[in-house]
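Shown below, as structure tokens, is a lone chain in the form predicted on its own; questions about how it binds or moves come after it.
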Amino acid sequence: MLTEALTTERVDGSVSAVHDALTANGLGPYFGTPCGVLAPLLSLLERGGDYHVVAREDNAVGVAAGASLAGACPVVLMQNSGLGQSVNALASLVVPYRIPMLLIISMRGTAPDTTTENLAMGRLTGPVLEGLGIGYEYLTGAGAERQLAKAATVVREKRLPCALLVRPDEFAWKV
């Protein structure tokens, strides 16, 4: 029971820290697809009324591009399998036209997620982002304030996309 209580406390703290940092940095609107790893964060974003569920990740990138062109600092939330789905939208729209947006990508296929169908995207996510020229780092609850302030600067001032990757267990996801 003590372990469960500590885990719940850490998870709530990590999710809350990320949510608070997103809000404090004026990021949004949020576009995403359902994801078990990101579910606790998506639940908090839903309460704010500025989260929009989109059927496919590449569509989320397209809608976020429109929001960005209208002056917002949009955030797209997806699994790394959705990143695979979105490569063309990122490569042919977001990157060449320097459309700023933040991508928050859950890292299926990395420890502790060892499900076979996710392993390849787990290995490819970093190289795909590098190939697109999109900077990234791993998001943590403890570093959320600094990381999201840095991401907001990249999106808002440098007018570039950037990505924050979320390990499967950051918000206590279990296999």
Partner chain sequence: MTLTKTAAVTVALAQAPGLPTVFTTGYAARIGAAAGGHNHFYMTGSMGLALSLGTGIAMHSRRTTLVVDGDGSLLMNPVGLVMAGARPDLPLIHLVLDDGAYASTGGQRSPGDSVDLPGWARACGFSRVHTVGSEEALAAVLREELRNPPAPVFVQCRVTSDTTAPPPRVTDDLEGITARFSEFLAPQV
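Since this is a predicted model, take the numbers as computed values, not measurements. Positions refer to the first chain, counted from 1.
From this point on, the text means the form predicted together with the partner chain, which you will not see here.
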I134, V54, L42, M121 - the one with a heavy atom within 4.5 Å of the partner chain in the predicted complex: V54
Location of the partner chain contact in the predicted complex, chosen stretch of 54-62, 34-42, 134-142, 110-118 [non-hydrogen atom, 4.5 Å]: 54-62
Site test, L129, A149 and T153 vs the partner chain in the predicted complex, non-hydrogen atom cutoff 4.5 Å: no
Heavy atom of G66 within 4.5 Å of the partner chain in the predicted complex: yes
Sequence-ordered residues of 72-90 touching the partner chain in the predicted complex, heavy atom within 4.5 Å: A72, N88, A89
